[in-house]
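Okay, so here's just one chain, in structure tokens, the form predicted alone.
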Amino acid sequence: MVRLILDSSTGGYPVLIGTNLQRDLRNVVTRLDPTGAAIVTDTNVRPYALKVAKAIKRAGLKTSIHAIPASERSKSMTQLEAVLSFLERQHIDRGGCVIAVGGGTVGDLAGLAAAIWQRGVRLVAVPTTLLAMVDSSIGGKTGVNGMRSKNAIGAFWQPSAVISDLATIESLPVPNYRDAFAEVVKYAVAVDRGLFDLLQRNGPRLVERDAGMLERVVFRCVAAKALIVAKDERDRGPRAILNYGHTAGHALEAATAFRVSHGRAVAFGMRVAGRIAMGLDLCSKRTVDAQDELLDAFGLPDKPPHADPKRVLAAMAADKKARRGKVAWVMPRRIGHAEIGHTVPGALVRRVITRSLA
């Protein structure tokens, strides 16, 4: 097991990465000494959530489970209201704790509920997907989707602990597992050349879900994000580097009513950003080719999703990071280094998006 301590404005919190961590989870919750605990999960992960509940009950703490539908569409005001009603029924007071057991949807939804229930109760994140382990469980962003915009309604709320049990990855369907590598490649291209080299050398082992190699990759991604978030917890500046691939990616998700998976959308967004950067002479073709080859290696092909380019472009202008309809792009300069704050001519964006979806 690997243990990190992440800094935040509310104090440091532990991130545990390993296999079969129920006992460690129990110890973490015991140290928090909550007055009550409520588990939020989804219908796919409920069997693992039952194991979490059993582990917590061994610490003498009564808990209950609320399962949401396993879908990105559960990141909604309707489901948020249902979770808040659950917390009320369980009599979770200000000394209580919400335990989010699941992927990014569960983490974002349960995290927002924890942020606003009783004006803030403690949150323990138990990510069960590789995507959530390397990205969404770290950094304190919570939220639900608006009618047209992804993550439009949310709050910053840091967890009290993150427990990443790699055993949960073993049962992930292949598409869900490989989706996560879009975020992993994002870190490698945008901020960590060493991670890029590691992925190139060990792609087959990672595709086969080698636990030791996965632990190394999750650690590097968490460490990279932790350093960035520590400098810009409220997402006012440098943290925007983590938006690499998400400008076009989030727009694609919104334009397709979230029928395109997050990982595939981010991979699409990185390919778009690379081609725009090349069109602006910000990076070489070699850089774009290296990025695309690595995405291919993890089963994130460049075959365009079915989407209307006009809808994607309209969704991009509605992105929560846009100002007066203009988006500041994150652009790759070389492998391991991207830059924030680039303004891109609209004609170039339209041309690349249209060609990418042709």
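Throughout, rigid core stands for the largest set of C-alpha atoms superposing within 1.5 Å between the two forms. In this text, residue numbers run from 1 along the sequence as written. What you are looking at is a predicted structure, and each value in this text was computed from that prediction instead of being measured.
Quick note: we don't show the form predicted in complex with a small molecule, though the next part is all about it.
Requested in this report: Note which of 136, 247, 79, 160 lies within 4.5 Å of the small molecule in the predicted bound form, where distance is taken over heavy atoms; exactly one does.
Outcome: For this set of options, the contacting one is 136.
Query raised in the report: Which residue, 122, 225, 271, 264, has a heavy atom that falls within 4.5 Å of the small molecule in the predicted bound form?
Result: Selected residue: 225.
Query raised in the report: Can you say which of 101 to 109, 192 to 200, 210 to 218, 82 to 90 gets within 4.5 Å of the small molecule in the predicted bound form, counting heavy atoms only?
Result: Result for this chain: 101 to 109.
Query raised in the report: Looking at the partner-bound form in the predicted bound form, is residue 178 within 4.5 Å of the small molecule by any heavy atom?
Result: No, no contact at 4.5 Å.
Query raised in the report: Should residue 44 be classed as touching the small molecule in the predicted bound form when contacts are defined as heavy atoms within 4.5 Å?
Result: So residue 44 counts as contacting the small molecule.
Query raised in the report: Is residue 70 close to the small molecule in the predicted bound form, meaning a heavy atom pair under 4.5 Å apart or at it?
Result: Yes, contact at 4.5 Å.
Query raised in the report: Any chance residue 172 has a heavy atom within 4.5 Å of the small molecule in the predicted bound form?
Result: Yes, contact at 4.5 Å.
Report task. Compare the position of the CA of residue 225 between the shown form and the other one after a rigid core fit and state whether the shift reaches 2 Å. Result -> No, because once the rigid core is superposed, the C-alpha of residue 225 moves less than 2 Å between the shown form and the other one.
Report task. Compare the position of the CA of residue 246 between the shown form and the other one after a rigid core fit and state whether the shift reaches 2 Å. Result -> Superposed on the core, residue 246 moves its C-alpha 2 Å or more between the shown form and the other one.
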